[in-house]
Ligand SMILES: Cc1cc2nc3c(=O)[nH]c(=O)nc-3n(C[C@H](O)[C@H](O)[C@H](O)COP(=O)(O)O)c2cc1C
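Consider the single chain below, provided in structure tokens and representing the form predicted alone.
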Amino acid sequence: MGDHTTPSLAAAVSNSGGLGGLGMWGFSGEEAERRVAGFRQQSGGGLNVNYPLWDHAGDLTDIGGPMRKLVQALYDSKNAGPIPEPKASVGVVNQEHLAMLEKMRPEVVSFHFGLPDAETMDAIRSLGIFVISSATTVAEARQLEAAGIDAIIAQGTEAGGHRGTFTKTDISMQPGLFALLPQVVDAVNVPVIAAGGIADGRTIAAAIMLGASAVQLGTAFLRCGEAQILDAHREALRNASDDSTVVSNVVSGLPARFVKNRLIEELTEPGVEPLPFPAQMAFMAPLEDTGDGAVAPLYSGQSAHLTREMAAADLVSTLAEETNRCFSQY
């Protein structure tokens, strides 16, 4: 969830009995250390830090002309000036971040889009850190287990944000959580964490009944005051219905789920491909800076309508009460 998560949000969750998380998307090692230090100042609980992984896309100089024209038209409509020149990058846990992990010792490190190389994995394991990663299919779960993962996040198609697939399985072949979860539980021998469409006690209880050892919630916390999102994003979540979201690659270059808005509609044209991930995302910051929910990326899962606007600690307490109530009824 990148910078949508804040030290205050993670601390409130951990202080209430959950495991707070901090996204490390786009942060330097020094910035990451400050984020973890901010959490430690507010909480003595456990912390999960999350890293996305991706390959370098190469030279982007002459790539994506039609997409750039579509983005520039949006910029022009908001008087946002010329679009920035995108640059290719690589997503790895580099030496700066390994030094941060050694110094700050978060209890959990999670990955999106697979796992880092064996040397990096060994370095993280040597610190005694619990390692988890996302799987969108049973085959991906088996690969993660074979690589020595400590637990697996089973990510159903209902989930908001980026699909965690690392085998390029087509989205149409990725199962929803209630189909995926029990099959992953049966296929592996490590704990399985359910993610996707979980937003209240009913959905938590259902995931546990299907074999989950824990659940992971993202969208449910975006309306908490501690989350760092636009007011327009909160409003979109508040007004969302079951058919408000869509999976699209036009925002970042990889499939992710958003509330459908003008941004996605105008960048979706037959034959027009986005720039490689995450270069396409370089176009999004100036649009988000306008504060206009029509042209900003509005990450959301399919259960947006079930989200609530309350302090994160109150939400954790409410979720626990609702879950216990579900189990006491049966």
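We number the residues from 1 along the sequence you see. None of these values were measured; they are calculated from a predicted model.
Heads up, the form predicted in complex with the ligand isn't pictured, but that's what we're talking about next.
Contact check for Val251, Leu263 and Leu275: none of the three has a heavy atom within 4.5 Å of the ligand in the model of the complex. Within 4.5 Å of some heavy atom of the ligand in the model of the complex lies at least one heavy atom of Ala195. Of the heavy atoms in Ala207, none are within 4.5 Å of the ligand in the model of the complex. Glu158 belongs to the set of residues with a heavy atom inside 4.5 Å of the ligand in the model of the complex. A residue is said to contact a partner when one of its heavy atoms sits within 4.5 Å of a partner heavy atom; Gln216 meets this definition for the ligand in the model of the complex.
Note on the partner interface in the model of the complex: the residue among Gly293, Pro52, Gly45, Pro286 having a heavy atom within 4.5 angstroms of the ligand is Pro52. In summary, the region of this chain contacting the ligand in the model of the complex, judged by heavy atoms within 4.5 Å and restricted to 115-123, 195-203, 140-148, 97-105, corresponds to 195-203. Heavy atoms closer than or equal to 4.5 Å to the ligand in the model of the complex belong, across 13-37, to one residue only: Trp25.
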